[in-house]
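Below you will find one chain, with nothing else, as structure tokens; this is the form predicted on its own, and questions on how it binds or moves follow later.
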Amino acid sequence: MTYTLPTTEEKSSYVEEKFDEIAQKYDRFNDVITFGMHRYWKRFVVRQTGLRPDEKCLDLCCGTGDISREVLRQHPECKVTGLDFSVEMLKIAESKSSRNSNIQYLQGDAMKIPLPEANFDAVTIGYGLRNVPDINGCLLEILRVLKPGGVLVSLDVGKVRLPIIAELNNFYFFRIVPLIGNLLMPGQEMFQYLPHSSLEYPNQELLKRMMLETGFKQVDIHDFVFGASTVHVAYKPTNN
């Protein structure tokens, strides 16, 4: 059966609806398809924030709160806001956080972040930029809410450069990953969306260029698994 990606106009409502549907199995799915490595990558994301005591972090597209909780684990004196479209994902995130934790979860749109400008020292986003309808627009919103000198750390899929490895990665991502998803939730098309959405997502260098053109002053790239997974670390100028 051929899978067709949602249009730009449909994407926001599609992502919100489908992530609600898979919320209960999402963490298990990530553990299986990455062999648990996504947890290491998320720890790496948080280390790149360089947060100091009492600073504030926005975990955008926070899902079930893995990165939000990791920020607090590494930086227990920081204040964390987790924002996501999906109510069901947020319910799980809240259930995994202690009552007295410094994490506040909000439902909201990454394209229209319902928070003041220059409010955060760091913004993290794990597998979220790929799901917004307009990457440039989302980057501008992130710049708006970051304080001057603040940092964006984004974890997402990347493009493998070595041809043979790229073929193996594509076979795994487009054949095996949907199969695993179908075993967890039979008939759920979101597990087809996840690999297919990578086709339109920019490669590492193009995304870096987009970040610089949006207004970030410096962007560093960190590849994992030959580039199949990648982290971008981008800094807002101090004079913005």
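When you see a residue number, it is the position in the sequence shown, counting from 1. Since this is a predicted model, take the numbers as computed values, not measurements.
Although it is not shown, the form predicted in complex with a small molecule is what the next lines describe.
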(message) Just to be sure I understand the contacts: of Ser97, Asn169, Asn102, Asn131, which is the one whose heavy atoms reach within 4.5 angstroms of the small molecule in the predicted bound form?
(response) Asn131
(message) So the small molecule isn't shown here. In the predicted bound form, which residue out of Val46, Met211, Leu58, Cys61 has a non-hydrogen atom within 4.5 Å of it?
(response) Cys61
(request) Select, from the options 49-57, 203-211, 22-30, 175-183, the stretch whose residues sit within 4.5 angstroms of the small molecule in the predicted bound form by heavy atom distance. (result) 22-30
(request) Would you please decide whether Ser86 lies within 4.5 angstroms of the small molecule in the predicted bound form, comparing each non-hydrogen atom pair? (result) yes
(message) Please determine whether Val219 contacts the small molecule in the predicted bound form, using a 4.5 Å cut-off between heavy atoms.
(response) no
(message) At 4.5 Å between heavy atoms, is Val15 in contact with the small molecule in the predicted bound form?
(response) yes
(message) Is it the case that Gly137, even though its partner is missing from this view, gets within 4.5 Å of the small molecule in the predicted bound form, heavy atoms only?
(response) no
